[in-house]
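A single chain, nothing else alongside it, follows as structure tokens in the form predicted on its own.
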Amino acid sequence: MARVVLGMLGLGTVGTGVVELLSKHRHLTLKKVAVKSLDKDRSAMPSCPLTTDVDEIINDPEIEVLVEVMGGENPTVSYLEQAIKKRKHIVTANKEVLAKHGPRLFALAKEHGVAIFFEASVAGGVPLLSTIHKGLEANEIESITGILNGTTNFILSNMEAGKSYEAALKEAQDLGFAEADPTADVDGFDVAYKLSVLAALGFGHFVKPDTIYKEGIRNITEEDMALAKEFGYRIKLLGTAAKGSSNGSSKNTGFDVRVHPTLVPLEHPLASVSGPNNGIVVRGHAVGQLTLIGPGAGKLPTASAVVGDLMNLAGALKLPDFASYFQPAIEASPASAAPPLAWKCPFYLRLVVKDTPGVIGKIGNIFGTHNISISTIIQRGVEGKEATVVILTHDVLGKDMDAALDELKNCDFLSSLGNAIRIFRSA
């Protein structure tokens, strides 16, 4: 295999892993690495020089491939654009840049005859993107649903074992799974970026991240975890990307792309995915349902995806017009996500109500008015003059559930709306 010369931006956790794995592949030559500071103490150093000047890499005609593992949106997107214009192929792990700027970057790559490889941007060491792009090429992808953030899955797994959200988050931070500011993970932003990338591969359009419904895990309690398990579920933060809205309508109102906590049946494969692992279910019209489970983050799993991309690229680099083979069919214009009011699924509700006669009947009347059919309703934990009411519904449109909850909030008997969580429904 011919020698391929690389330049790399970033030498953090993933970058260090890339250097470690590249040492086993002599035909992939890392010529230079750009870093923020030359004075930083590093656990591992590459054999090549370091620089703080990215232009030294972008303008080096010998460097054929730019490996981007520095993260962040700016100035990263500018570096990638410059490198593409210099006809360098790109290997990146940056889901945020792809989600926000993917249409422009892929159009630019096509214009200049280069390819963008991005396996490491979603699901770490799980070969999800290559499976969708090439392994399932004969299929029309119908939906992609999964646990796409290892940090939140670790937190929820620990909460199921009895820890509070705060204690589980602190442990995740102590182990390096969560950042000091965990917002991107626990509020769903990280998953939204990944869903945009998955929609691009699965459906041909990136989805604007700011149109994707995001609901995180901050409001999940140990009580919710215990009640979910009692009813035969586990709570997971799921991301879903599906064609059209999930209300059964033939009218295409945008892609059904969303991230929120979900009660997953214990018998479903995703319910068994624990700790920092990822699990994804891909549904194709020919293959049916395919499940992939594995490490979604970490130094070597993510570096494995980066170096795997480099090996695929190196194997084809000298072939004529090879870049077109690796360029996915992605439209230049991004799509918007369908509005959440159009979604249809069952719900789990935990209400704290005043323990007075007739409350259950009043709740039933309100739900009936808004076309909500109750599957199960129980009263638990009477303390003083309050009780907890737990409700599981049949399928309900989001707009109907919102209307019912708005009416409930104005009722004198409701002390608080403990939680409202969607129950898994195949897209």
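Don't overthink the numbering: it's just position in the shown sequence, from 1. Note that the coordinates shown come from a computational prediction; the quantities given were computed from them, not determined experimentally.
The following text describes the form predicted in complex with a further copy of the same chain, which does not appear among the structures shown.
Scanning Ala184, Ile90, Leu136, Ala172 against a further copy of the same chain in the predicted bound form with a 4.5 Å heavy atom cut-off leaves one residue, Leu136. When a further copy of the same chain is considered in the predicted bound form, only one residue from Val264, Ala120, Val257, Val307 comes within 4.5 Å through any heavy atom, namely Val307.
Just one listed stretch, out of 172-180, 194-202, 148-156, 126-134, contacts a further copy of the same chain in the predicted bound form at the 4.5 Å heavy atom level, and that stretch is 126-134.
Contact check for Leu300: a non-hydrogen atom falls within 4.5 Å of a further copy of the same chain in the predicted bound form.
Interface residue remark: Asp355 is not counted as part of the site for a further copy of the same chain in the predicted bound form, having no heavy atom within 4.5 Å.
Mapping the unseen interface onto this chain, Gln82 falls outside it, with no heavy atom inside 4.5 Å of a further copy of the same chain in the predicted bound form. When contacts are judged by a 4.5 Å heavy atom cut-off, Tyr213 does not count as touching a further copy of the same chain in the predicted bound form.
In the predicted bound form, a further copy of the same chain lies within 4.5 angstroms of at least one heavy atom of each of the following residues of 278-311: His285, Ala286, Val287, Gln289, Leu290, Thr291, Leu292, Ile293, Gly294, Pro295, Leu300, Pro301, Ser304, Val307, Gly308, Met311, in sequence order.
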